[in-house]
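Form predicted on its own, single chain, as C-alpha cells, below.
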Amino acid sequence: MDPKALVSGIMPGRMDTAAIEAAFGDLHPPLDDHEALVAADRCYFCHDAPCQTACPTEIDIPLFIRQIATGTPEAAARTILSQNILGGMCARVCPTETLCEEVCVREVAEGKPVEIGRLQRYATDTVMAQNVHPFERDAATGKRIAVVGAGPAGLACAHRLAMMGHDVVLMDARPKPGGLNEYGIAAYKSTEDFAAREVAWLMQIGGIELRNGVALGRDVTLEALKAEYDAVFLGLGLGGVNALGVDGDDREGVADAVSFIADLRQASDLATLPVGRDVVVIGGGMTAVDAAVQSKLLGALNVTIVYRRSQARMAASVYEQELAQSKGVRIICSASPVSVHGNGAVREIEFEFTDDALARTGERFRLPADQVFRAIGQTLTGEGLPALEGRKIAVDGTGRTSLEGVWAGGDCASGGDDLTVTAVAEGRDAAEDIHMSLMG
C-alpha cells in the first residue's frame, strides 16, 4: 500500500468487493411485468395531465402508461423515445419527485404518485432488451452537421438530425461518449454499464460518425467547423470546476467531486478506489450528494456535506437529501469554508457560520478531514465561443447563438435547469431548428 495513503488517511479497500457490490446495487430495481401492470393501473389517464406539462421533454405520460396497462410496452417505449431518445437514462436519474411525480393527481390526493419513472424504465428497457431501434432515417439530405459534445444534449441533437436524413459527425474530448451520463452520475443510479449500452443502442439509427478524443480549441476550432459543415451544435457541458478560494485549497486530499465521481464510474473494481476516513463535501447540489453518498458506500467512516445556505435552498432535492442522510451522511448548512489546515495533506477544514444574506457571523468550527471534495459549481471553458450570457453561451428559445449557423444546448447554454432531461430537450429542439434552417 502507498505509504502516503496511510499517512493521509485516504486508502482503498475499506470494504471488501462483495460488500461494495451490494452497497452499489440498483437504487430503484426494475419492475417486473406484474408490478408494471399494477403500477400502471393506478394512473387516472388525465386528459390535461399535469405530469406531461411538468416533463421538460413533454412525453405523453398518460398515453405511454395506458400502453403499458394494455400490454404493449413496445408502443409505450416509442411514445417515450419519440420525445426523449435518452428516456432510459432519464427514467433512472430524473428527479421525478420534483417534476412529473410531484404534480401527479395521485400524489396531490393521496401522497403517493404513480411511479412514472419506474414505468418509463420498464418500457424503455423492454425495447432495448430486444436490441431493436424503433426509428428509421429519412432520405438523405446531403447536409453535414458537426455536433461537439457527446453528452445528453449532443446525443439527442445528433440522433434527431440523423433521423431526419442528415449526416452527423459527433465529437467528444473524452475517450467515451455519454458525457455526464457516463462520467458524472452516481454508480448506484446507472448500473451494469447502462450509459454505454444506451449510446450504442442510440447509434443504431445510422448516419452518425463518432470521433472521441477531439476537443474544441485543442484539436479543432469553431471557425474551422463552420467552414466545413452546414451547421454546428455545441453541447460542451461545463469543463471547469470552481475553486474554494481559501487558504490551503491546494493541499493534498482536496479534489473536485466531479473527478472523484468520474474515477469511480470508470473503476473496474470499486474496492481499489481510495477513500478517506473523514470526508467533507462542500456544496449543496446533486454532485455533492452523489460524492458524499458514494464515499460512505465505499467505507468512509464520517461523511459530511457542508453548504453555505440554508438546507431549504439546497439544489439537491429533498429526496436526495434524505437519501444521503439515510446512508449516514451528515448535512451542515449556513456555513462557508475559511481555510484548509494540515501539514501538506489536509487534516481539518475550518468553516464559519453565515446568515441568510451569506454574511459571516464570526462563529467558526473545524471538521476533521483527510479528504475534501469541492462541489460548488462548474464553469464553461473554451476559446472563440459565441457570445456569453453570464457564464454560459447565450441562446434563444431554439438554441441559436450569436454566431450564424451555430446552435448550443445543455449545461453550456443559458436558461434551463442543469438536468439530463432538460439537456435532451434542448438538443432535440435545436436539431429541429437546424433542420428547418437548412431545409428552408
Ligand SMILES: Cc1cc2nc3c(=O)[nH]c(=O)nc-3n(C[C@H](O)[C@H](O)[C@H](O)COP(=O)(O)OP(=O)(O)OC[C@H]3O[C@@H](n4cnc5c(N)ncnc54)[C@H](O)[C@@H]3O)c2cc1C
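Residue numbers run from 1 along the displayed sequence. For clarity, every value in this text was computed on a predicted model and none was experimentally measured.
Here the subject shifts to the form predicted in complex with the ligand, a form of this protein not shown in this document.
Looking at heavy atoms inside 4.5 Å, which stretch does the ligand contact in the model of the complex, given the options 325 to 333, 283 to 291, 349 to 357, 298 to 306? Contact-bearing stretch, as computed: 283 to 291.
Select from the listed residues 171, 202, 340, 314 the one whose heavy atoms reach within 4.5 Å of the ligand in the model of the complex. Partner contact (heavy atom, 4.5 Å) among the options: 171.
Sort through 419, 20, 425, 10 and report the residue having a heavy atom within 4.5 Å of the ligand in the model of the complex. If I apply the 4.5 Å criterion carefully, the residue I get is 419.
Residue 154 within 4.5 Å of the ligand in the model of the complex, heavy atoms: Result yes; residue 154 sits at the interface with the ligand in the model of the complex.
Any chance residue 78 has a heavy atom within 4.5 Å of the ligand in the model of the complex? Output for residue 78 is no: heavy atoms all beyond 4.5 Å of the ligand.
Counting only non-hydrogen atoms and a 4.5 angstroms cut-off, does residue 196 reach the ligand in the model of the complex? So residue 196 does not count as contacting the ligand.
Heavy atom of residue 184 within 4.5 Å of the ligand in the model of the complex: Because a heavy atom of residue 184 falls inside 4.5 Å of the ligand in the model of the complex, the answer is yes.
Please determine whether each residue of 180, 216 and 261 possesses a non-hydrogen atom within 4.5 angstroms of the ligand in the model of the complex. Checked in the model of the complex: all three residues contact the ligand.
Select from 232 to 249 the residues with a non-hydrogen atom within 4.5 Å of the ligand in the model of the complex and write them out in sequence order. Counting only heavy atoms within 4.5 Å of the ligand in the model of the complex, the contacting residues of 232 to 249 are 235, 236, 237, 238.
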